[in-house]
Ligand SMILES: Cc1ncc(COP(=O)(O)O)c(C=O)c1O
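In the form predicted on its own, a lone chain appears below as structure tokens.
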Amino acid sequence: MDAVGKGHRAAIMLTPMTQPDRENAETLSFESAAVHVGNVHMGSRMGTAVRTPIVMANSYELPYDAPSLDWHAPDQFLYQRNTGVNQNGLEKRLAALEGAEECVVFSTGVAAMYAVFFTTLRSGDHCVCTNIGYNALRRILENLLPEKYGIETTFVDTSDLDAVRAAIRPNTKLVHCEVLANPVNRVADIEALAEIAHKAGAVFSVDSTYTPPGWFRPLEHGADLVQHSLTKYINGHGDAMGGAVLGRHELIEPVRIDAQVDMGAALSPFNAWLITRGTVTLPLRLKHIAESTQQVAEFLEAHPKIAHVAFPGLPSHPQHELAARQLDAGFGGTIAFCLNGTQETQNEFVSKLRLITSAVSLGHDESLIVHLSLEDAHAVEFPEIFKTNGILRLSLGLENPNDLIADLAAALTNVG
């Protein structure tokens, strides 16, 4: 039984008669926490709802001594920008699943990403960041922050620990990476990077969107802050957008007040409700997706028309052993690959697919594939095979893997 927080697994196994309590996350397994934590049974004259309803109010009734309230307080139900019933419940659930002291949710994953940089960096500071990652990451750190605030960033291959050490400066205040670099699936050694960052006196933040709790918990490996695009695996249904930052109270409090309350990047009640619904099935979805992705990756690697497959579950991946040691239950749900040929070959292949949808994003219930642009700033860092042929990112969904393989096989047969 997989426990929620670090250290609880042994406690539960040693006391099998411990009675689970939905009001106490410490007594719940990961699967049970995904169902119960943060859920509020709310009553009305019609009865008591067993699931928190959508509370669409943008304001909450004030107490008698309203003038004495802290109008910026994020822990009082005053105004939707500060917090709301649905957002608050989602934050509690995510904190339990991630093993974090606190969580703050945002309107998008990019808002969560920007919140980390906005609250940890000041004018004149320096950041060390992965040189391959989500597109918005590069634009924020390479363009917006230097131009507006004089914050400099050194982009490095975060799988090269010597390169990370060499990039550290006296004014380095933040080290940032992705567990699996989007889109090429390069693996970062989180414990080693945490040691480097902390030795330099820097905050270590990790984007774990590719590896949600159930696959990996960066805080247990030394990360100070973890961020997620909730739009992806945690929501899991392709119908809501959101972001989250998790960590210790002293780091989360300024993220919440400065970025959520004062910058106004609040998550809507409806999206919070949708994402909370998605978390219920997260453990089941991750298990199925991990198994399917492994099967599909092995099929692609064995196919003669495929030039290259980047998936950490394959022994051919250069960081396969690190991924096997670091990840908890599977190697993720995305595959980067390309066919022998040109970018036009990749376009033709995608056009032949009938079950897999050509669309951006990942972690949905349906499998998605996207032929990525080589014009993006971080594309110059891609492996040469991708820069030559093109790069496809396949995100596996909940379909039967045999159906997905059949779709891929037919499309490959009809290309060229």
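Note that the coordinates shown come from a computational prediction; the quantities given were computed from them, not determined experimentally. Don't overthink the numbering: it's just position in the shown sequence, from 1.
One more form of this protein, predicted in complex with this ligand, exists but is not displayed; see below.
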Just one of 153-161, 316-324, 202-210, 122-130 has heavy atoms within 4.5 Å of this ligand in the predicted complex; which?
202-210
Checking M241, L282, A290, V261 against this ligand in the predicted complex, the residue with a non-hydrogen atom inside 4.5 angstroms turns out to be M241
Answer option from N340, T108, Q295, Q343, heavy atom within 4.5 Å of this ligand in the predicted complex
T108
Heavy atoms within 4.5 Å of this ligand in the predicted complex: does M113 have any?
yes
Going by a heavy atom distance of 4.5 Å, is N86 a contact of this ligand in the predicted complex?
no
Find out whether any non-hydrogen atom of N182 is located within 4.5 angstroms of this ligand in the predicted complex, and reply yes or no.
yes
Examine T276 and determine whether its closest non-hydrogen atom to this ligand in the predicted complex is within 4.5 angstroms.
no
Are S29, L97 and W215 jointly within 4.5 Å of this ligand in the predicted complex, each by at least one heavy atom?
no
Contacts from 355-374 to this ligand in the predicted complex (any heavy atom within 4.5 Å), listed N to C, are L362
